[in-house]
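Below you will find one chain, with nothing else, as structure tokens; this is the form predicted on its own, and questions on how it binds or moves follow later.
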């Protein structure tokens, strides 16, 4: 499969990305700033928006996913690179004590480890992830997510048999 990078100067590409998202999805917010496009979408639309980014707009790389604990909700940002200097940041938020959002690993395979890390550190689950295991913390006997703001460092741990 030959890789075809988006063409045109940066400003035209960014404007094209923004209008491409607006024409296909109901964005909550959208703007261009510097070398990036920032859009905010509903959590239920995340997979379809990222599918549009990859398949219709030709943005081939998901660089990372960040999660921010907002105490009662979580902000997620998916950063995409067009490999020619353009950046697309797709933001959404989810609520609840056991937050769940659709996995995008079928759209961007690089999401696999990012989603696992978000699950491990924040407890955000990704519906449809092919292998949602912890990445850094113990698989068993550790039901905590250390980057949650409510996480206490002196949380009692039960590593039976290891002490």
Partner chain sequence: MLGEERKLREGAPTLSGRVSARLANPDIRDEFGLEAMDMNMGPQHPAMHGLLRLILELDGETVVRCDPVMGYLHRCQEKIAENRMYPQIVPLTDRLDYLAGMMNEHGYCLAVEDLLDVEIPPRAEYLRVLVSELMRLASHIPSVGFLMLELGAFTPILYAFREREQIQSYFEAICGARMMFHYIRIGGVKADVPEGLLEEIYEYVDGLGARFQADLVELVVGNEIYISRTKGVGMMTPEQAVEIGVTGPPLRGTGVGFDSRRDYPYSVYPELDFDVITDDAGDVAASFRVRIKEVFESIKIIKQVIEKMPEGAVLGDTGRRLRPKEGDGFGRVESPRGEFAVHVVSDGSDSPYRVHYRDPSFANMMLLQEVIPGHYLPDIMPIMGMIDPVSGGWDK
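Positions refer to the first chain, counted from 1. Because the structure is predicted, anything quoted here is derived from the model rather than measured.
As for the form predicted in complex with the partner chain, it is not shown, yet the points below apply to it.
For the candidate set 50, 39, 101, 67, a heavy atom within 4.5 Å of the partner chain in the predicted complex is found for exactly one residue, namely 67.
Interface residue among 34, 26, 130, 96, judged by heavy atoms within 4.5 Å of the partner chain in the predicted complex: 130. The partner chain is not drawn, but in the predicted complex it has a heavy atom within 4.5 Å of residue 60. With a 4.5 Å cutoff on heavy atoms, residue 151 counts as touching the partner chain in the predicted complex. The closest non-hydrogen atom of residue 44 lies beyond 4.5 Å of the partner chain in the predicted complex. The partner chain is not drawn, but in the predicted complex it has no heavy atom within 4.5 Å of residue 126. Residues 64, 65, 66, 67, 68, 69, 70, 71, 77, 79, 81, 82, 83, 84, 85, 86, 87, 89, 91 are the ones in 64 to 99 with at least one heavy atom within 4.5 Å of the partner chain in the predicted complex, listed in sequence order.
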